[in-house]
Structures are given as C-alpha cells and as structure tokens.
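In the block that follows, a single chain appears as structure tokens, in the form predicted alone.
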Amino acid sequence: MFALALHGGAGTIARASLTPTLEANYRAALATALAAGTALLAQGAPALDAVEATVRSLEDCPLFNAGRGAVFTHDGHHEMDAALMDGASRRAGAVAGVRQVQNPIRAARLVMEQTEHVLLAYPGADELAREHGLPLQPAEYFFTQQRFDQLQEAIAAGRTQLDHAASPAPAADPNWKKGTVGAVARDVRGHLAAATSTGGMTNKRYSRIGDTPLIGAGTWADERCAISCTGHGEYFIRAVVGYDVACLMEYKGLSLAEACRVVVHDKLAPVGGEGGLIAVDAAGNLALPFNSEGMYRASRNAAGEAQIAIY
C-alpha cells in the first residue's frame, strides 16, 4: 500500500482565465508528475525517492514556478529554493537562492546526504551542486516570456508579486497564478517523505526567502505525517505550518484531515495567509486543503484511486 499527493501552487485560479488547451496542458503536467512518483512507489522505492522524482518532473515543466518555470527577481535573474525531508530518520536538506541548478530539489538532497548541514544558500549551494556534478543551466534555460512579462508589470506597478496571487489582468495572463510545487508520499514500508520547490516571488528583492526551504514551515515529515505547503510564505513561516499540523496530531490526537483543516482554515485564513498544503499520514490517508480559489493538485490514494484537480 502506498500513497502520493502533489501540488503545483495555490491561489486565485479563475476558470475564465484558463483556455481549454491551457487547462489540458496543466492537467497533463500534473498527470506526468503523478506517474513519475507512483511508478517508483509501485516498484517498492522509498518515499524520499518518489517525492524527489515527482518534484523534478514539475521543476522541468515551464508551467510551474519552480526550476525551469521560476519567476524573475527584481534584478532579472532567478533565485530558487527547495527542501526535502525523510520522515523515518527526520533527516532533511534544503537550498535557498540557487541560480543555476536545473533541479533545486536534487541540490537539497545533496545537502542532506553529502553534508552535515540542513540548509545551504547561494552561492555555496550552487558550488556544492557543481562539485557533485548536478546539471547546471545558463540563465536562458530558465527564461519564459510569461515570467518576464510578469516582472515588467510588477516593476511598473512598484510591487513584489506573489506568483499565485491575482493578476491585475487575469484573463490576459493566466500564467500569473502558478506557484510553489511539492509532493508527499507514503511508501510500501509505511515511511513518509515530503519535498517542496519554488521560484519565489516575482520582483522580489534583497534575497528574500519564503517558507519552502524552512523545515517545519513549508516542508515537514516525521513518522506521523508529511507536509508540503504552497501560499504566502511569510504567513506560513510565522505559523510554522508543517510542524503545527504534526503537533496537532501528536499532542491533541487530531486526524490528519482535521489537523490540516484547523491550520489552513482556522489559523491561516483569518490572518490573510492564502494558500494550501498537501499531506499524508502513516496509514496512507491524504489531505489536500486550501483556502484560496484553487490549487493545482493530483493524488493517488492507498486504494489506487487517482485524482487530478485545479479548482
């Protein structure tokens, strides 16, 4: 028995802003990522391998704000964050602000397995990836016209823009709303893992870092649950969202679904923390709550039932 869930960002996702073709492209990308993870789990691979493979698939797709589709900073480059955590051992690795690594989630795993640290930032994280032979890419690899147009609009408006927040002209720019990607899994041995990756915020300055690479905030896994978050990172950091879900289960005895509901709807929503999360527990139960208009998501539960959804 195994289970897997993934997300491609949450936010204001209006049906009118997605053409049938574009929606089909997103669903196909989510299905491809789901297949990558479930294929490994079906072969008996560890949950950590499955979440890494799932996130790598999403990082390679320019539709999502991670890896190849990462948004631009104010200075016109890319600063990408990623983290993953193994629930059985509670080992974790993360990178922040990497600029050249094709798959930041792979660099995060390098930190976990090849160093004594948990979180490395640019330029050291890029240097580690280079030393271990991870694929690096020039700036052109990460360029997409939609992301560049977002940057110009954000600069003109003088704002830092959450990629998954509402666009000033959503119908004209449906690509505005894609955000952080992530995956959680339970493998056939009952072990859990979580992985998250993001390009951050359009027009961000001063090396801003969100919740994604912060263990306990945007990414968490233990023997009880695995969590990957997407949303307004500053709120998720303050609420220590991933760890809070785990604590509600451990100390209050809440189910996975109830703990996730309390955090996403009762704690985050009232203070303006828009977004959502995906979660799995040791029994293979899944939860994919969000308090925004939509969340790109896909899952395969312990019974073998698959789902792909946006709204």
Ligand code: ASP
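What you are looking at is a predicted structure, and each value in this text was computed from that prediction instead of being measured. The first residue of the sequence shown is number 1, and the count goes up from there.
This next part talks about the form predicted together with this ligand, which is not shown.
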Within a 4.5 Å heavy atom cut-off, is N65 in contact with this ligand in the model of the complex? yes
Is there a heavy atom of H232 no more than 4.5 Å from a heavy atom of this ligand in the model of the complex? yes
Using heavy atoms and a 4.5 Å limit, would one call D187 a contact residue for this ligand in the model of the complex? no
With heavy atoms only and a cut-off of 4.5 Å, decide whether T219 touches this ligand in the model of the complex. no
Sort through M201, V241, V111, V101 and report the residue having a heavy atom within 4.5 Å of this ligand in the model of the complex. M201
Which of 142-150, 87-95, 179-187, 102-110 sits within 4.5 Å of this ligand in the model of the complex, heavy atom basis: 179-187
Of 207-221, which residues get within 4.5 Å of this ligand in the model of the complex if you count heavy atoms? R208, G210, D211, T212
